[in-house]
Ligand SMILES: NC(=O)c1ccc[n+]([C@@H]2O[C@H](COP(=O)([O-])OP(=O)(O)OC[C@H]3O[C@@H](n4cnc5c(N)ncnc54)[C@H](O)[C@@H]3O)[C@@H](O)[C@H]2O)c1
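Have a look below at one chain only, the form predicted alone, in structure tokens format.
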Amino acid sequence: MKALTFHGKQEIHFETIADPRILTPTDVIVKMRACAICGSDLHVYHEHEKGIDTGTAMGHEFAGEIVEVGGQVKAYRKGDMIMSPFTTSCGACFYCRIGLTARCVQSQLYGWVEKGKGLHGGQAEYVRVPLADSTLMKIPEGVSLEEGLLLGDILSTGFFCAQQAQVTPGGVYVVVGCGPVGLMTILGARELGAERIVAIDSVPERLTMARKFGAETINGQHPEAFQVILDATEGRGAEAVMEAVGSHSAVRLALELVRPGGIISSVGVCNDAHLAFSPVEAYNKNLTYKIGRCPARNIMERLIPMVQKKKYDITSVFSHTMRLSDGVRGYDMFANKKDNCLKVLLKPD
């Protein structure tokens, strides 16, 4: 099969690799019908995260059609159209039972093979899915392929970010970063009742999208950013700040904007060696800091009715649609924000 594969820092190839096959009776094979490039893929692309084997198929956002079914799979059959969270989960361990499916004891992340062990990703013509019964979900009526793909990662992650921030009606909430996850965080905050959301970024096109998604916006490069938040909160700061970047500067900004006793909710993957604030800074603000991987499989079910109602135009985050064979160019565009690239949707050739 053809796939987009990792070959070192900022080097992605479109090449032929071995077709996936059923390895355990709980596996299925999925023919990819749509996949996407995620900001988390850029951590591998730029080698901010290292260890992945050369030749690994990239990507963890995909949806498609089941074409082969293991002997112990009960919930799915050939021809079913499915969506998948970005990690697998067993559905039965302690973490799955409490809803923290991202920390399942058998969890694997698509697109990460290290020393020959792991799971190839969804930016490929076919994908092996372990633990299919508990990992996958059928794409329900009223949900498009593209919407299902977003449910499996960034829509759920944005909602999770807002959920961690304990968003409620009233108050002022801030979203730092207006990339795809930040935009979905705005929608998550709205869905949980936030009445005033201020989004911060430095890219004009992303700020425009944030306004379309229902937020007030501030260009983070302008000095009035802090004052707007202070003026809106009688000098206290925001009830919570939702950080969707994953950088030292973004977390520092969140710390400066949150009120004493407030919450910072971080879903941006940060590869720094240390936190952006000291213990005494957290202490002096009575800060609650929540961070971690989204349990997408658990949250997808909750969000399906919202998607079916077409409450928000979530697929507008796809600024570019390309063939899988054009994915090398797609990575370059996305990584370097060429042509106002916000998110790349890839379809089979």
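Residue numbers run from 1 along the displayed sequence. Quantities reported herein were computed from a predicted structural model and do not represent experimental measurements.
Another form exists, predicted in complex with this ligand; not displayed. Remarks below refer to it.
Proximity to this ligand in the predicted bound form, defined as a heavy atom within 4.5 Å, holds among 263, 143, 96, 250 only for 250. The single contact residue among 259, 128, 206, 190, judged by any heavy atom lying within 4.5 Å of this ligand in the predicted bound form, is 206.
Shown alone, this chain has one stretch from 229 to 237, 111 to 119, 176 to 184, 272 to 280 that lies within 4.5 Å of this ligand in the predicted bound form by heavy atoms: 176 to 184. Though the partner is left out of this view, residue 70 does not reach within 4.5 Å of this ligand in the predicted bound form, counting heavy atoms only. When this ligand is considered in the predicted bound form, residue 40 lines it closely, a heavy atom lying within 4.5 Å. Taking non-hydrogen atoms only, residue 157 approaches this ligand to within 4.5 angstroms in the predicted bound form. In the predicted bound form, this ligand lies within 4.5 Å of some heavy atom of residue 244.
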